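Encoded as structure tokens, the following chain is the form predicted on its own, with no partner shown.
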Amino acid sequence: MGPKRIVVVGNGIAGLTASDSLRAAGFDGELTIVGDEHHAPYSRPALSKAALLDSEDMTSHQLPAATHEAHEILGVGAARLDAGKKVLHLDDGTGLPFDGLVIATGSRARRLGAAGNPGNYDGELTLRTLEDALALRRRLAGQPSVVVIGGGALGMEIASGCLAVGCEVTLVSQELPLTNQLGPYLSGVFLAAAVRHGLKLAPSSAAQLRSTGGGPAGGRTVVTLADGSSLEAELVVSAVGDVPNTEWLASSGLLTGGRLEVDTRGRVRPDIIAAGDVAAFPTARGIQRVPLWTSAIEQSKAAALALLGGDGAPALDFKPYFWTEQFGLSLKASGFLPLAGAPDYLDGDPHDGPSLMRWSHREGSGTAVAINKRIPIPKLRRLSEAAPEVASPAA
């Protein structure tokens, strides 16, 4: 007999997808969704892409209305989990009993914090939530000078958006931007585009923040670099990674070395599943978190079926997919990243118009990448799986 009462903790894309998948698979019992944000699920990737450049009415982040007909408890977070008694305790004192539990609490932005006060400094903006995006848009309206800390995809997307609205932007990065995410070849392509658009670079192995006084509204923030030099800006945005929201699980007995690990079907145990940024799951390259939008969706679909069907449900067949838009370039990648060496070109050249390329990996898999080229995701995935000699634009 399957669960009759399922509680979903987290109202982001992982919680939404799990809820929809449960209903699609035939679950007609009591479904409750708990979310610490006050509004409906939205597209987080859009916040650092189109949403920063939207007209006055920001709409790029909006998702279609949910159809799962769950009871929603919003604006309330999870406080702790009594896994033995199967009760979820919320931070308003409420206890929710369950037969099945979906953990989809996601992650939060890692913060640098000010000198002597890490993780708590109002002069440092991050971009993780809808409220973060609205706050950043308000600040950008005055075209302030901006320092972005972090050379990953998020930091580069933020820098691109700030430049597009007329700000002077300096990017602080330990490595060449995007090297750790994409590899040196593609990093070079994007770095050249960024410099053409006016991005200034400040390489540094570390960065520390302090205020010149007057608070975030009246003062300026100083970013001190590893060599002792400093940058002063009216606005500082950090994009230095994320932290999974697992603190509420500290006494649950479900964490392994501080991580929430799941099996190939997304199960922590038969009656508890986890998906999205909070979960570490088995991949071809080990057990790891993969905090990407499409990863959360794929995990949630597989885990929902496992909660209802157990071992009879199919294991997750994870195929990495990543995309970014910045500095006039749009990249789609199917396969594992980052990439070493130069690619096999299937079409075009990224330095001169749209291009399609492929990298081969030692274990026999591949990664296909399209830049400024319209190509359906299934076709890109087929190219990543095909052998180089048969991979072609017509495949």
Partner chain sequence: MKIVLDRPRCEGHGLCEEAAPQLMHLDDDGELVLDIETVDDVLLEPAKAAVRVCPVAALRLA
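Residue numbers count along the first chain shown, from 1. What you are looking at is a predicted structure, and each value in this text was computed from that prediction instead of being measured.
Not pictured, yet referred to below: the form predicted together with its partner chain.
Remark: of stretches 335 to 343, 363 to 371, 40 to 48, 27 to 35, the one touching its partner chain in the model of the complex is 40 to 48 (heavy atom within 4.5 Å). Interface residue remark: residue 66 is counted as part of the site for its partner chain in the model of the complex, having a heavy atom within 4.5 Å. Its partner chain is not shown here, but in the model of the complex it comes within 4.5 Å of a heavy atom of residue 293. The closest heavy atom approach of residue 355 to its partner chain in the model of the complex falls outside 4.5 Å. Shown alone here, residue 248 lies farther than 4.5 Å from its partner chain in the model of the complex, counting heavy atoms only.
Taken together, the three residues 77, 109 and 252 all stay farther than 4.5 Å from its partner chain in the model of the complex, as judged by their closest heavy atom.
When you look in the model of the complex, the only residue of 323, 318, 185, 98 with a non-hydrogen atom within 4.5 Å of its partner chain is 323. Residue 297 is the only one of 83, 73, 305, 297 with a heavy atom lying within 4.5 Å of its partner chain in the model of the complex. Residues 374, 375, 376, 377, 378 are the ones in 362 to 380 with at least one heavy atom within 4.5 Å of its partner chain in the model of the complex, listed in sequence order.
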